[in-house]
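This document starts with one chain, in the form predicted on its own, laid out as structure tokens.
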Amino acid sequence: MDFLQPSTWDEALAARAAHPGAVPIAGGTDVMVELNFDRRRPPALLDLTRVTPLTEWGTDGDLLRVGSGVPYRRIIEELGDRLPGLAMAARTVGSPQIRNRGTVGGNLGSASPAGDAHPPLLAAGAEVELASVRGVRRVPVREFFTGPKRSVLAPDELIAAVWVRPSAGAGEQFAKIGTRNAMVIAVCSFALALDPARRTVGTGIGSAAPTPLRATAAEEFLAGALDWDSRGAVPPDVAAEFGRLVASAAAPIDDVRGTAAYRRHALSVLARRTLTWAWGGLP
């Protein structure tokens, strides 16, 4: 197995083009597990830890550009007020050691249906910046995943960054169900983003379909049912219908972590809870 270690972004893209079978590695929290258990034996590893631009974030107009190498710990500490939903999800990832090393870019690259970062990115309407020696393109997160651990990422492309609109802070929530309270793969997860200025609703469902997905019917229903002007309490029937629509958007399976029926029930509960928390926290 070859080990490639570029020190600049241009070198990384050139190495990726020359070695399309190489597996990119930054934090290594997913890749090293697969290597250690001999589930994967790629011809080369492409180490991106020396490519400094991947570890940077900044604003561009009304959007945030977060480098794919920014670890979860920095998402929590530096961007928690701007991206609260993503920060909530980051706090549920593994242990402190994993959060110090793991990255949102790596989570996207693995494209697992259970990736914790995926639901809040879906709910926020984020885009993924993909780059190669051929150029740069931005893909909406909702179009990024094509199947279990598969994405639109081309063999010569690398994930450069995530583009997302910052939140006012109170309108985003994330919750997940696991077989225990910490260091666990989600049985199912759900993210919600309320935007009172635009009167829109965003959702993200994890670990309950072949890919992470949005509950678009639930979004449309809730955007029309909420009283955006008075901000009164959410009527119980509205919350119940929202939960039902979220659950019906999922396509779960039975596996060792939970049954399909349990996942649908749990998603309905998570949807109602996050709606109450997010609506009650709006300024």
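Please read these numbers as outputs of a predicted model, since none were measured by experiment. Quick note: we count residues from 1 along the sequence shown, nothing fancier.
Although not depicted, the form predicted in complex with a small molecule is the subject of the following passage.
The partner is not drawn, yet in the model of the complex one stretch among 80-88, 134-142, 196-204, 181-189 has residues with heavy atoms inside 4.5 Å of the small molecule: 181-189.
The small molecule is not shown here, and in the model of the complex it never comes within 4.5 Å of any heavy atom of Val152. In the model of the complex, Gly94 approaches the small molecule with a heavy atom inside 4.5 Å. Taking non-hydrogen atoms only, Thr146 never approaches the small molecule to within 4.5 angstroms in the model of the complex. The closest heavy atom approach of Pro42 to the small molecule in the model of the complex falls outside 4.5 Å. Three-residue candidate spot Gly27, Leu48 and Asn107; every residue lies within 4.5 angstroms of the small molecule in the model of the complex by at least one non-hydrogen atom.
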